[in-house]
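Take a look at this single chain, the form predicted alone, given in structure tokens.
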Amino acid sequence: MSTEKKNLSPIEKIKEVSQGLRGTLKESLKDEITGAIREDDTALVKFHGMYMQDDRDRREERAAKKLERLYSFMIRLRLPGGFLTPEQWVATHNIAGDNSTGVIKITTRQTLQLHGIVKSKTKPTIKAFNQAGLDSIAACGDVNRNVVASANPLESPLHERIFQYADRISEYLLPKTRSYYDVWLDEEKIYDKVEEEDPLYQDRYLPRKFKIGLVIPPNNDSDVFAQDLGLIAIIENNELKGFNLAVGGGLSFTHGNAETYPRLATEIGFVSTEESDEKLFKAVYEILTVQRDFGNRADRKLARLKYTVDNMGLDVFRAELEKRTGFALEAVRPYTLTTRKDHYGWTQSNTGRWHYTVFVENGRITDLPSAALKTAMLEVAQTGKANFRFTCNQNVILSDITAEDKAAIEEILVKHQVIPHTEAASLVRQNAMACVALPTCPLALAEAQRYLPELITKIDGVLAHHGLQDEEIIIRMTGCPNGCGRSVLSEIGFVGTAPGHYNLNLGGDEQGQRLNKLYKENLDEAAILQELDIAFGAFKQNRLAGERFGDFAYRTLLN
């Protein structure tokens, strides 16, 4: 296999001796002297859907007072396909208010996370979610994470069926260990290695995180080629024929390390689901086992499936997969992607049900001066008349509303200024996205979600100066090159390099099938706006008919 035991990274060794991801988490939680947990446990707690963080804005202040860092935890839910019932939203609202900063964050992977949970509140938070039928199992860590899927039922009459695949795949790939229930829910059971034997993850788990996404063409709203494994639904005459499989996507890289790079997933074949789902689930499972057995366990920066695919070679990878599944993949089937956006406002699906997509800037659901988003979402949930669906673009869809209930929901949205807030956002703002970054993310080199709204306002001004205010341009920002905001898969991408400085990438396409490229390095805000002013001026003068900015930049500015 790929890595000898003597070359294992430290985290690999932590996983192997963790007793099914338990480690010393129970002891860490009982330690009232510190707000942190033990060092090895910081790796294990991720498998339970949490990250230990600290408020980086207050590090210097606390250090001056000889206080330890202000530690807290982020808890991320496992929500396959991004779905919550109204009752679960009410519970989440209350949990956020009791235990966290109060802001409910929609992630770029179609789920929710809460920040600022102190150590003593972690178990009460998990218990409260459990009572609402929710969990955070495998939402982080070296396992299959939250499975994403096309969000809006408008996309296809078969939306519900394809959404169910996300849920079933998520359940199918969950770790077998009962440690989550033991540590957080006080399940009184002694660890039994034999009983918890896990044929998929064993005691090694995966070399690195693994992400799966399903998409319903023609809208690539889940950015299927950014996934370790992308499943592209092939629908003919309103019948689901199966899925094209695409492997090896991943957008993270490291500044200054040429061995690391973003990569789009490559399609390797088609699997039919017309007779049964057996082959699809077998293929999905064995793709993970290939990564488990051949992935790099010595260097975590080179451990994602994209590097495994490139190191093995696509033909060898496919042959190994087919050997493990016992069947050959069929040839990739044709389809067309045209866009990857959310449908804001009211839409009606083939069932006659109504859906309202709310603009949530960078996924932060809180009450703003312009709109009381959090209050409105609670009132909608309390009616019991709408489900909640989260998009990979960090928005929320109030969904499955009957014609009779539509007016009641609209009244709430109007009362709390949600509809004017959504309609007032410029096209660029509606298409923008940012990761969390500072102050909580330990990897962040620069701001993202706190800064991008301000920068968008200034970019809107530059566009208006050139008469381009009606252009739909996809802009994304990440505080580091780790890729959470999918900035390298946008028409204009900002990647943080240092406080107040970003690399400017240009040239991604509308469909999410082309990475952008580095255009200018380490720019501050003034330089960013100057470069965009020049680029937009050239776009205005020299674009082809109907050409988008990303395509223009790729054609002219990057050559």
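Note that residue numbering follows the sequence shown and begins at 1. All figures in this text were calculated on a predicted structure; none of them were measured in a lab.
Just so it is clear, the following notes concern the form predicted together with ligand SRM, a form of the same protein that is not shown.
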| item | value |
| --- | --- |
| Partner contact for Ser100 in the model of the complex: ligand SRM, 4.5 angstroms, heavy atom | no |
| Ligand SRM contact in the model of the complex: Gly483, any heavy atom under 4.5 Å | yes |
| Arg324, heavy atom within 4.5 angstroms of ligand SRM in the model of the complex | no |
| is_contact(His355, ligand SRM) in the model of the complex, heavy atom dist at most 4.5 Å | no |
| Candidate stretches 420-428, 70-78, 235-243, 339-347, one within 4.5 Å of ligand SRM in the model of the complex by heavy atom | 70-78 |
| Three-residue site Lys15, Ser18 and Thr177 fully in contact with ligand SRM in the model of the complex at 4.5 Å by heavy atom | no |
| In the model of the complex, the one of Thr273, Ser399, Thr440, Thr266 near ligand SRM [non-hydrogen atom within 4.5 angstroms] | Thr440 |
| Contact residue in the model of the complex, chosen from Thr108, Asn220, Asn144, Thr122 - any heavy atom within 4.5 Å of ligand SRM | Thr108 |
| Partner contacts for 288-315, taking ligand SRM in the model of the complex and a 4.5 Å heavy atom cut-off | Arg304 |
